[in-house]
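For reference, the chain that follows is the form predicted on its own, supplied as structure tokens.
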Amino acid sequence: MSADKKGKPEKQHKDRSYDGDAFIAQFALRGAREIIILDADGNTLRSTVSPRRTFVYVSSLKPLVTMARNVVRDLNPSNDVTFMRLGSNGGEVHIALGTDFILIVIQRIKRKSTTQK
């Protein structure tokens, strides 16, 4: 371990290497249509959608995530939100909250046709 100029030991960075394309492809195989990966501050690290659509999702979901975390911490300060699932008629939004990242996965629900013969 090396030391900086003040004699304090430098922090060791965690090895966060992963194959991003394989990571995204694995979610796509499971039905994910749109994937957004954010850092802890809400800055986009990776997205499979346009920058404009990414901005819309992040600007809508970031306050919701912050409010959900605050509610959970108000109820019990030792707890934290780790996963959120939001559903609508057209799809689902899955949000995984880590200490270093936020993962947003949007799935479109395929409607089964109910045609009668």
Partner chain sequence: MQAAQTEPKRTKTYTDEVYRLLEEKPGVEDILIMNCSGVPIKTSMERQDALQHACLYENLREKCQAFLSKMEPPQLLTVLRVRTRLHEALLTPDGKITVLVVQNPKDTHLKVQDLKGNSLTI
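We call the rigid core whatever largest set of C-alpha positions still superposes within 1.5 Å between the two forms. Computed from a predicted model, the values in this text were never measured in an experiment. Residue numbers count along the first chain shown, from 1.
Although it is not shown, the form predicted in complex with its partner chain is what the next lines describe.
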Quiz item: Can we say Val71, Asn76 and Arg85 each have a non-hydrogen atom within 4.5 Å of its partner chain in the predicted complex?
Solution: yes
Self-check item: Proximity of Leu61 to its partner chain in the predicted complex, heavy atoms at 4.5 Å
Solution: yes
Quiz item: Going by a heavy atom distance of 4.5 Å, is Gly31 a contact of its partner chain in the predicted complex?
Solution: no
Quiz item: Would Gly91 show up as a contact with its partner chain in the predicted complex if we use heavy atoms at 4.5 Å?
Solution: yes
Exercise. Report yes if any heavy atom of Ala40 sits within 4.5 Å of a heavy atom of its partner chain in the predicted complex; otherwise report no.
Key: no
Quiz item: On a core-based superposition, does Leu29 travel 2 Å or more at its Cα between the shown form and the other one?
Solution: yes
